[in-house]
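This document starts with one chain, in the form predicted alone, laid out as structure tokens.
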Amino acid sequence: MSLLSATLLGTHFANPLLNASGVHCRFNTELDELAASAAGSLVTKSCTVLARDGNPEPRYFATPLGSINSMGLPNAGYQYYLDYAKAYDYAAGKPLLFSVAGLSLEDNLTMLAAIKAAATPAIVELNLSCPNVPGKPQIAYDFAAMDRMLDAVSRDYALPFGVKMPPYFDIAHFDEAAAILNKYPLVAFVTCINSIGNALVIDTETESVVIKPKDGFGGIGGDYVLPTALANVNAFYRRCPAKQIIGCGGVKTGEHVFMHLLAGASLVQVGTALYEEGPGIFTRLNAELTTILQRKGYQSLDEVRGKLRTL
């Protein structure tokens, strides 16, 4: 086992890095580029039953501290990604995660039934946190709806899966969300976080918003969200001891990956920085993380995970 080896659901990963769903994963060509990169694994675009064009352009804008986006779940439809998952070369040693983001409980159950029937080794990440579909609230901010969703998925899908969560900002919400997640043993991992929803970036020269959908409101990522992401990773790591955590948010250096590991992450996803830098970022991040681990004398990621000290 190498210094960067990681595991999720008993599956081996050469390193803990992968893309965040939504970034560089809409088309097979992009997924193939991730598979050929130094990432330890890859995740498909969050999919819906039918293909979606998503929100009108411009819907992504880079800022000095990250990005704002309101993509609106553009994707090729679940069958496209299921065909990819069925043809994927798992023997090459890079696990595949399959992101599902139905617009209703029924949609999710339809897609999960097809995924289960295909019997591929792909690991499902159920997205409960898309903040950019007009008229559709985030399931994970409606605790009763989230409970119903997880109950139905656990019963019908009946295999281990993970959930992609939005950020929470209140200790009571950490407690309530974790209590629901802990009711369902098949929820095997928790990905924290999706972008912080409904922010607003303003260009003072044009006196205008910078993206078109939702009057300029969109999810923010990048530097803006790192502390919030780390808090959510650590909050769920502490509250869900039987589940693994995937960290996501604000990662653009090996030091940021190390922070997510300390907070409790088993794997770490990269979003905005991958969008800006491309799949070559994984080579750099692995090298930077290796340097930190060697300098500190760590022999494995297990020695780091969740070892965050408090004062």
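Please read all numbers here as calculations on a predicted model, not as lab measurements. Note that residue numbering follows the sequence shown and begins at 1.
The same protein also exists as the form predicted in complex with a small molecule; that form is not shown, yet it is the one meant from here on.
Student: Name the stretch, out of 167 to 175, 190 to 198, 116 to 124, 83 to 91, where some heavy atom lies within 4.5 Å of the small molecule in the predicted complex.
Tutor: Comparing against the small molecule in the predicted complex, the contact stretch is 190 to 198.
Student: With the cut-off set at 4.5 Å between non-hydrogen atoms, does Val153 touch the small molecule in the predicted complex?
Tutor: The answer is no: Val153 has no heavy atom within 4.5 Å of the small molecule.
Student: Leu181 near the small molecule in the predicted complex, any heavy atom under 4.5 Å?
Tutor: So Leu181 does not count as contacting the small molecule.
Student: Using heavy atoms and a 4.5 Å limit, would one call Leu73 a contact residue for the small molecule in the predicted complex?
Tutor: So Leu73 counts as contacting the small molecule.
Student: Quick one: does His256 come within 4.5 Å of the small molecule in the predicted complex, counting heavy atoms only?
Tutor: No, His256 sits far enough from the small molecule in the predicted complex that none of its heavy atoms falls within 4.5 Å.
Student: Only one of Thr272, Ser266, Ser41, Asn69 has a non-hydrogen atom within 4.5 angstroms of the small molecule in the predicted complex; which is it?
Tutor: It is Asn69.
Student: Of these, Leu97, Val225, Ala140, Cys130, which has a heavy atom no more than 4.5 Å from the small molecule in the predicted complex?
Tutor: Partner contact (heavy atom, 4.5 Å) among the options: Cys130.
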